[in-house]
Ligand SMILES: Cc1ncc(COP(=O)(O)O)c(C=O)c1O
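In the block that follows, a single chain appears as structure tokens, in the form predicted on its own.
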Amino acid sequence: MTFVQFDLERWQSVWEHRVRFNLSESGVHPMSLDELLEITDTDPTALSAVRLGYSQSNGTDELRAAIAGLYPGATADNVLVTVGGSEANFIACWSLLGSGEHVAVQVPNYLQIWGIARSAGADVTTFPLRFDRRWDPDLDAMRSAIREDTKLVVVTTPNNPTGHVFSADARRAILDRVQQVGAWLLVDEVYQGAERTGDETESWWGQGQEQYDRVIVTNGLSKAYGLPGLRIGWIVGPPELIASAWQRHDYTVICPSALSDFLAIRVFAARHPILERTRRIIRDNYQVLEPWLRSLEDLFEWQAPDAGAICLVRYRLGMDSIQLVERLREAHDVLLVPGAHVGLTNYLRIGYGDEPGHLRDGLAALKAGMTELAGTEPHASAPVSEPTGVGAGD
């Protein structure tokens, strides 16, 4: 078996706590425990009384019912609580994939499932989102990538790293093609509720479940809720898939933390003010980021993100993205995500969810670094516009 290292997570884990300005983060400034207790109107003594034993392994009945209430027609039997969205994606794939089976993944993307599938010996094909379509999918390429023998199709929307919410036409086309070949569709919706503009993105569960019973949704409290430290995620899917995933969950982490389960129940009771906090941070901080980007229009191109505290920018320097972010880290103490870690070349992902003052200081350091490099490095004559693949197996 070939093990595929998760380059993005390894890069961040090595450096994110060792730099002055971490602009690689993909969520908003996390809430403190005091803030969470206040916004959920939780008595601190109730938290201190929680017994630190094993909690219900698939999530307490109350928590699973609260999650099911977000998805039309779902019940607690459609829900498995996991330790973060990452475990949700992992055990969903473990439940479905074996060696030699075919998976189609859209890129750019958070490449966790791409790596899981390849490590499991699956045959992985990618299909691109297009910069010139505001990051909507190339539908012809999508139809070609999803073959008659495809077992699983993976999309992330709102998307990481572009922040794009797929159009209704793209959603319909993907569902139609998945249904045509009989594949499973896994939709990572961890940025649902973190929209910068417009209403909350409709879940694909509600759209697909009326007509097709092989739709799986994963989500968690890390991004839209600003609570990555609680490590609560979930899978919503058909009961038989949930039962299979629960069996695998027994082999991984056994159960979520009792404290996290207790707090997550209260998070869902205060869901709207928590999501409004996130959206306010994203709206306000984009007003810091956009003029900064415009001040570097000779170096950057970008599409304004619809959701998430992330912006994907295309740069005009003749230097690969890993080399570029390493130079910026060494010389200016700024950490970014290189395009190579999300399936692209000539791109950077900038996180803008931090406290405004720290964000401004980080952007100032990044501007100094980019300006310095622009004076010493040749500009790319033809910036790469589209995903170019992410390795063997594409």
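One-based numbering along the sequence shown. Everything quoted here is computed from the prediction, not taken from an experiment.
Heads up, the form predicted in complex with the ligand isn't pictured, but that's what we're talking about next.
A.B. asks: Determine whether any heavy atom of Tyr110 comes within 4.5 Å of a heavy atom of the ligand in the predicted bound form, and answer yes or no.
C.D. replies: Answer yes; at least one heavy atom of Tyr110 falls within 4.5 Å of the ligand in the predicted bound form.
A.B. asks: Is Tyr225 near the ligand? Define near as a heavy atom within 4.5 Å, in the predicted bound form.
C.D. replies: Flag for Tyr225 set to no.
A.B. asks: Does Asp188 reach the ligand in the predicted bound form if we count a contact as any heavy atom within 4.5 Å?
C.D. replies: Taking the distances in the predicted bound form, the answer for Asp188 is yes, it comes within 4.5 Å of the ligand.
A.B. asks: Should Glu9 be counted as a contact of the ligand in the predicted bound form, where contact means heavy atoms within 4.5 Å?
C.D. replies: So Glu9 counts as contacting the ligand.
A.B. asks: Just one of 244-252, 320-328, 265-273, 85-93 has heavy atoms within 4.5 Å of the ligand in the predicted bound form; which?
C.D. replies: Going by heavy atoms within 4.5 Å, the stretch is 85-93.
A.B. asks: Among the candidate residues Asn78, Thr156, Thr126, Ser260, which is the single one with a non-hydrogen atom no more than 4.5 Å from the ligand in the predicted bound form?
C.D. replies: Checked against the cut-off, the match is Thr156.
A.B. asks: Among Gln192, Thr278, Asn160, Gln106, which has any heavy atom within 4.5 Å of the ligand in the predicted bound form?
C.D. replies: Comparing distances to the ligand in the predicted bound form, the residue within 4.5 Å is Asn160.
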